[in-house]
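Let's start with one chain on its own, the form predicted alone, as C-alpha cells.
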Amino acid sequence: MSKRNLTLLTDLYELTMMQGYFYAKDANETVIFDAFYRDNPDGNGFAIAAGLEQVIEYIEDLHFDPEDIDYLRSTGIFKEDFLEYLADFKFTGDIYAVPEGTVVFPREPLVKVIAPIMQAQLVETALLNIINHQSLIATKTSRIVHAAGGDGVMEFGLRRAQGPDAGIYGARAAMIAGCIGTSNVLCGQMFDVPVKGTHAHSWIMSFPDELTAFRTYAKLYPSACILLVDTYDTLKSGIPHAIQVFKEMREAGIPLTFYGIRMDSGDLAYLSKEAKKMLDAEGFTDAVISASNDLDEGLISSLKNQGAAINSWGVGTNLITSKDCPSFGGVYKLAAIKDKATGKFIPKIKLSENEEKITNPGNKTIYRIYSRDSHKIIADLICLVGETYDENNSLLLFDPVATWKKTLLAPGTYTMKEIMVPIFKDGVCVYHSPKVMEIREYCKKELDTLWDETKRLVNPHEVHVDLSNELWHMKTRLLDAYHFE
C-alpha cells in the first residue's frame, strides 16, 4: 500500500481543542500524556505491546497538506490564522515507549508523549488506534499459540479482517506474538515474514476427481505438499487419496520433506485420530496433520484435551478479529504540565467515582522486577523519573489500593530493569525498530519471563503493578487536595 498522510486520522475534537489552545493558552506549553490500558483483554494475565513501528512512521510524517487545510477550512469551524499555523505544523517533542513484543500489564504507560500541548493532543487518536489494534491482536495470538502447546500456528484471517489495514497489521501483530507464518502475501512482502498456505476446496472441485487434483498439486509443490482432504469424504476418500499420492511420491524417489493433510470441517478430534492411524499404518508417521475451521484458543485446548492428533493449526476469523474481545481499551491521559518559571512538571490527576479510572500523575517510568534465581517477573513498579534503586538494598512493594498488602524483597534476591526507552527526542526518531521476526524472538523471550500461572487461559495469576512510595504519596496528596477543596 502506498504511503499515506494520516494526519487527519483523528477525532474532530482533537482539532477543535488545538484551536482552543491556540487562542486561549500558550501553544508551546509542554505537557505529558500517558497511553495505557486498564484491563487485560480476554481475561488474560498480560498483554503484548505492538504497533510502535507504525506509530513512529505516523509521527515522522505528521504534517498538514494544502488539501488537508482546504478541507478543514471548508468545515467552517476553523479560523484562518489557526489554519495558517497548521501549514508549518510538525512534531517537535519527545516520546518514550515500551518496545514491541514486551509483555505489559494494566495501568502502566505503554507510550509517554512529552510535547507542546497542541502536538501532544493531536496524536492521541491515531496513536491509540495503532497501539490498541496491534496490541489486541498480539495478545489474542499469544493465547492461541499458548493453547497450541508448541505446535505451529498460522495466521489465516485476511478475508475476515475488518478491511485491508486490519488484515495487514493484524497479521503483523500475530507474527510478533508467535505465529510461524501468515497467508497474507502483502504482509509478507511489507515485513519480510514467512507466507504459508495450501489450496482451497475449489482446487479439488475444478478437476475431474480428487485423486487427479492431489496428484497435480503434488507435482507442482512436492516440497510443500499439504493436501486438503475434506472436500468430499475425509475418511473414505480424502485421506486414502492423499496416502496414495504420498506412496507414489515415495516410490518415485521424491523426498517427502514437508507433507501432510489439512482438515477444515467435521469432528476434528475424531477425524485427526483416525487420520493418524491411517497415515502411520502406511509409514507416514511424520506427516503434518493440520486443521482450520473457526479455531480459537478454547477450541484448540479442547481438541488437545481430547487427544486430537493435530500438530499444525490455521487460525483465521477468531484471531484476526479477536472475535470474543474486539477492543483493547487503551486510553490517553494528561499526566503533567511544565511550569515555565521553574521548568518542573506540575502533576495532574483525573478523578472518578470508579477507582480504576483515577489516573497516576506526574512524569513516570516503569521498572520491571525479576527474581534473580528464576528470572521470572515478580512485579512492575511505576515510579517518577529520576528515582533510583539499588539492588543491593531491600525493596518494599505494596498494593497501591490495599496498602497493607506488602512484599519485602531482600537484597540480592531480585533484579530491576527500566522498560521504557526513548523513541523521539526533540522531534527526531532516536530508536531503530527491529524487523518483525526479530521482535517475534524478543517476544518469545519476554513470554518466558512469565510464570506459568500467569499464562493460564482461565483465571490467570495477576502480576502486580505497584507504585513507588514517592509516586503513591504524590497521588495521595492530589486526591486529598481535591477532596478538601
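So that there is no doubt, residue numbering starts at 1 and follows the sequence shown. If you're wondering where the values come from, they're calculated on a predicted model, not measured in any experiment.
Same protein, other form: the form predicted in complex with a small molecule, not shown, and the subject of what follows.
Residues of just one listed stretch (235-243, 161-169, 295-303, 342-350) have heavy atoms within 4.5 Å of the small molecule in the model of the complex: 295-303.
Taking the partner from elsewhere, A269 is found to have a heavy atom lying within 4.5 Å of the small molecule in the model of the complex. Of the heavy atoms in E387, none are within 4.5 Å of the small molecule in the model of the complex. Within this chain, D264 lines the site of the small molecule in the model of the complex, having a heavy atom no more than 4.5 Å away.
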